[in-house]
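Coming up are structure 1 and structure 2: the same protein chain in two forms, each one given alone as structure tokens.
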Structure 1
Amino acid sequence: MELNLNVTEETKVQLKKEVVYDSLIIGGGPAGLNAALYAKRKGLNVGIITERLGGQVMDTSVVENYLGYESLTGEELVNKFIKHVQKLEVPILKEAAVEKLSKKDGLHEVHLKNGDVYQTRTLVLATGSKPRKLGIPGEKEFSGKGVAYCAICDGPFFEGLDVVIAGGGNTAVESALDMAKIAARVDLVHRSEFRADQVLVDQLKKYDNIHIHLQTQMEEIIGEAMVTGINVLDKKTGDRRIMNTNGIFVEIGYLPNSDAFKDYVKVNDHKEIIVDAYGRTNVDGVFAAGDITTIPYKQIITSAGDGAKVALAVNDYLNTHAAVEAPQEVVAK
């Protein structure tokens, strides 16, 4: 029995609707948190609005590629980030989903799902990404009935059972290694070749219950009340067959969380927000950082670095753009 204690003191400062912020950061993952840190240290009046504080890092079992830390859990790492930002008294509005953005009197307005609106001179969009779906028949139907997207969360349900891991990147290989300790049999299925780091791929050999199927396309998920198998196509031989399994962990990469912004800023075909080297979008005063952008390679350290860079670009922007006049209060009567 162990405890994964994760108590961070609540920040005393709160986000205020009547304040016009220098910068509002949407998203509380590594990109958003580091943007807040840098912006605050530049003396900007900054706040964070986020759904899940910590972002995807919270779902990562171990991180072994963040400079300075050889190995620690994702949660431990991101709690260090959060504590650091909280020390600087940055207001953080948690569990708040942004629904859309708009423009008013030269300011940007952030509309939350619950109807609340906040105002700011600049925006940093850092809402990261979510697991990509396979997009094959049966996936939606069996979601939560054997089809899963979080191996550390749902792994325990497959103790002693057979599972398929879909994907060939680091996350997929890590999940296969984790599941090999719990499941009876692990089939790692990927439509092309491995993209994962060699150090991870080498570890797969250590488990004789892991079976690797490269160049294999998943075509359909089948089952009754729960998943019973998948239809696969062997791309080398052209053979189709059924692979029996109790569960499928989908680890095939990530989709940007840009739905709330796609009518406000330009996105590319992959729904990534298009940014330049400074993190600027096509809209004046709106910046983006981390997984949600067109910047290649999505990692914790690159997202955090991106956040820092963009906050500095925001500071430069504010220094060269005079504040708009506060709208005159109209006195009724």
Structure 2
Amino acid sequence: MELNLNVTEETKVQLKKEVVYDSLIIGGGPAGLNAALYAKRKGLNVGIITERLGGQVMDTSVVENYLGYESLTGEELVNKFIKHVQKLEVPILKEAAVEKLSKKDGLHEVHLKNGDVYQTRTLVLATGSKPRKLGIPGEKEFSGKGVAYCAICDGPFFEGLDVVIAGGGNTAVESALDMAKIAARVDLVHRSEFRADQVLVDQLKKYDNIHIHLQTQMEEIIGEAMVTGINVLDKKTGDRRIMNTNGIFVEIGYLPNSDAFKDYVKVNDHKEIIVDAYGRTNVDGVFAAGDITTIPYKQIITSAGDGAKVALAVNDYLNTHAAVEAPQEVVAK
């Protein structure tokens, strides 16, 4: 399906190093794009800096749980987001990697790896996260062909089929419980013992179609056009065998894209940026939104909503803080 807008299309306006922005948004996924939309509609001078426009959504084959759209690809949904933002003439700097953040003369500075520096009164950090991978043969080849990383998102496509859940934490067990309601068979495979809360583990016993395989190492994902099974090693006996399945949900956590910010704002043990109910970090004037933060339920729609909330919080912040006087050579527009 061809759309009128391609994600590589240049925006009509460009980000300028000589401008002090009201807010710079780092990240071009649902949270960042919606934050820009709301901030611009509030009359703020805002820009987006992103390494990958669209974020994780670009890797999503089909989206069927975003309100208002019964079914469309991740790329189609991203194109709609970008088209909306570009109509407001928000400058978007693409393929731009942030090296670090700093503060100078009351302004936040964004240092890019190419040496460019941009200044802003407030920051919104919205670079999202990426799923942890198993790192085994066949995982990359069958991604989107039976291998998925979100049972909430893609589970309905496997109704009545056999699935494997990889992982032993709360997310994996919750995914197994959800899939047991619609799948014919659910095999929960984990290389060691459960790390999930006992109350969740106890729930697994209520489903006859859930089969638990602890101390079981996944070694290879196999198939033809689609996944047909996995090669596993029973670490207790040393035996290897093939476990037949139609799909594999890798539920072993996410890695927040916070490395460039972890020395500027406070993060937790999982490298998620710690925020309050308004998306405020521990640094004055710095906010964060979406999957990079401590908010629960990492979904496209929750990230988009989080971006809107944080943009409103940024506007309130700017309304109650005196404007920083820009250096003589800097002209804000």
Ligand SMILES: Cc1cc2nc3c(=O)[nH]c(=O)nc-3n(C[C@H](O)[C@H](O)[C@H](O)COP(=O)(O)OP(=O)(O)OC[C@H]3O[C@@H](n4cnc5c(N)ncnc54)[C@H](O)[C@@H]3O)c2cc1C
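Numbers follow structure 1, counted from its first residue as 1. For the two forms, the rigid core is made up of the largest set of C-alpha atoms that agree within 1.5 Å on superposition. Model, not experiment: these values are computed from the prediction.
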Notebook entry, point to check: Is structure 1 or structure 2 the form predicted on its own?
Noted result: 2
Margin query: Between two rigid parts that rotate between structures 1 and 2, there's a hinge somewhere. Which of Leu177, Asp154, Val267, Gly253 is there?
Written below: Gly253
Next item on the list: State in degrees the rotation separating the positions of the smaller rigid part between structures 1 and 2, with the larger part superposed on its C-alpha atoms.
Entry: 63
Item checked: Backbone CA shift between structures 1 and 2, His211, after core fitting (angstrom) -> 11.1
Check: Can you give the C-alpha shift of Lys133 between structures 1 and 2 in Å, rounded to one decimal, after superposing the rigid core?
Finding: 3.8
